[in-house]
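This document starts with one chain, in the form predicted on its own, laid out as structure tokens.
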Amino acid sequence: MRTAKTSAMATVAALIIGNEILSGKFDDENGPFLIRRLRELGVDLKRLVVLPDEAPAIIEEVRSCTDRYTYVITTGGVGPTHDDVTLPAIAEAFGRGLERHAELGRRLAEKLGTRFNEAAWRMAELPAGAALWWEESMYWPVVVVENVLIFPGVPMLMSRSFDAVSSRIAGSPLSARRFTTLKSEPEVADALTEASQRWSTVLIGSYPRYEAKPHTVIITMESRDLDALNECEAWLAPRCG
């Protein structure tokens, strides 16, 4: 059985689940948050998808991603209402049933008090064999099924839960360099191509900016290999400046 684990070159597919995002009723806050935090942690975000609250779409995406990435992170669809289908969909994706998790049910009962009812129990019905990542600061745990990490969709709860468990998935942060040139992209293209071939561990990007005159191009370089990054910058800057 595949299990979530830390990797120096960890990769992530993030699935943002919710009709409210696709319909424009609410802006997606979880996607931008994950982009920023995963980068800070040195984890490579390779895929970001917004999905409807529809089990077939979730099942297909989870099955497609689980063997391709170190982690699959989902946000949304874990509440007690009819459109919260993430947990049963992920259970089906792995060929598992749902079972009531006694510890999670107990904690929900403590938090909800007299509001804890049969509908609330739905939030404690987890894919069989799921693990819980708890930290004291968390209102809601991260449910872990193999390498799928299931977060709540409410942005405040999601960000709080993610930050609480982030040390478990931290990778190797990137170092970055950038400079701006007045040359056009066609003028620097050959130098960028040669640099990318010389220093294959350095990710090089070029981004034209036309908002003001004179127009500029921002050149960026990123790598986990600091020596290669420094060498690349020293070679590339004078050829593009």
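Residue indices: 1-based, along the sequence shown. As the structure is a prediction and not an experimental result, all values here were calculated from the model.
This protein has a second form, the form predicted together with a further copy of the same chain, left out of what is shown; the following refers to that one.
Just one listed stretch, out of 141-149, 161-169, 120-128, 93-101, contacts a further copy of the same chain in the predicted complex at the 4.5 Å heavy atom level, and that stretch is 120-128. This chain appears without its partner; in the predicted complex, the one residue of S175, T201, T193, T180 with a heavy atom within 4.5 Å of a further copy of the same chain is T193. For the three marked residues, E110, E136 and L229, no heavy atom of any sits within 4.5 Å of a further copy of the same chain in the predicted complex. Taking the partner from the other structure, a further copy of the same chain in the predicted complex has no heavy atom within 4.5 Å of any heavy atom of T11.
At the 4.5 Å threshold, heavy atoms of M156 reach a further copy of the same chain in the predicted complex. Among heavy atoms of P186, some come within 4.5 Å of a further copy of the same chain in the predicted complex.
Heavy atoms of E20 reach within 4.5 Å of a further copy of the same chain in the predicted complex, making it an interface residue.
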